[in-house]
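Before any questions on binding or motion, here is one chain by itself as structure tokens, the form predicted on its own.
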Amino acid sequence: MQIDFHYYATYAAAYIAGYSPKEAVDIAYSAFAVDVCSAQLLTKLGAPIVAATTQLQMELMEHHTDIVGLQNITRIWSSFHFLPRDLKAEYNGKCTKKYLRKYRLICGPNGELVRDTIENAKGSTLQAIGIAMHVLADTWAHMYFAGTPSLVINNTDKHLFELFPDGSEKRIAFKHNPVAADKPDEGAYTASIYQSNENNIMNLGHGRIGHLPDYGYCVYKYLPAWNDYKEVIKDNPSDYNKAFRQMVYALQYIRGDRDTFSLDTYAEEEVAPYADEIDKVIRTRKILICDEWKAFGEKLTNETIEDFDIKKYQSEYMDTSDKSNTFLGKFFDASIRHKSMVTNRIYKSGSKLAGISIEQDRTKATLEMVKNTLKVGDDNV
């Protein structure tokens, strides 16, 4: 997913769930900040690198893919963008333990780690809530891919077609120019270049099919490597609608308006008055639908939604000695705790793909502890 859903749609979901417009903006800011909180930004702010929630394209291209480098990549991408659905999953057939450990990192909605993510956000900061919403939403958009470089998990082949409401289909053609814009009307998209090396960075996440998982309008069928190249249909409009409803449901639980959080449960009644309008926005055939989501959110709340500004809280963080109580300080603390939770679960499952990990407790001391014990450049929660 992109800024349109992570920022503007999250704002709308938070408001429907009962948060004020100001709280909704803070939650939405934190949700999209997950896509921009890179080592480069943290270095600029003098913040702990361990708080990184993403890696920029240039950072990835320069990143080593030895065992330590692969663990650093997996810690970030499996924690925040490709949350594993089932760390105990068994492959339907014979496979090596090495393959099984990667297979278990395949992302998907309604797994136990989703429940853990929401439970950890309850009673925490708005920043932690926003991070949880990003992670939850991405389990729907990024299902079937893993947050670790893997040709045998993330690759596909030329059997890839977009499906249209009238029953027709069109083969999707990929280009490999990283700065070329996708052209939905022409069925032309950009994807990573095929690399036969299992751990090549080109084989991270959904790079082999580009941004198709990030477009709400897109319904496509393809042959994923993890499924022995058997056809799978990915219905983004349906999945994005479910993601929105599950966010509202989760946010109601976090607020205390629901007693329990159950998997595969959605805020159908609360979203029903807006269902047709939300579905129309999701199905808008554009690369970015920020304007459509923003218009919906402003109509919903009768408030102007400020655009995302990456610099909004930077001065507050850099100009004070009490960094843990700043907006970004709380965001960094929440990101460290979430990453340590997920990587610890992966480690406990018997896999060292995300490294050896401990789980930080939920205290304000977490950020200061990490700053005092890790050198800049380390990411080994």
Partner chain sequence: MYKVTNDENSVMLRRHRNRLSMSGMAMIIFSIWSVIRYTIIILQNKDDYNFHLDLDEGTPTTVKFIGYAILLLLTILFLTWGVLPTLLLGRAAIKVGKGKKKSVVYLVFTAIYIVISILPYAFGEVFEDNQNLILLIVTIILDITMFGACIDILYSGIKVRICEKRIAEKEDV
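Positions refer to the first chain, counted from 1. Quick caveat, the model's predicted, so the values are computed rather than measured.
The protein also exists as the form predicted together with its partner chain; that form is not presented, and the subsequent description refers to it.
With its partner chain left out of view, the stretch that reaches within 4.5 Å of it through heavy atoms in the predicted bound form is, among 147-155, 226-234, 306-314, 79-87, 226-234. Think of it this way: in the predicted bound form, its partner chain has a heavy atom of just one of Arg115, His176, His159, Lys299 within 4.5 Å, and the residue is His159.
Screening Ile278, Met202, Leu163, Ile172 for any heavy atom within 4.5 Å of its partner chain in the predicted bound form leaves a single hit, Leu163.
At a distance threshold of 4.5 angstroms between non-hydrogen atoms, Val219 is in contact with its partner chain in the predicted bound form.
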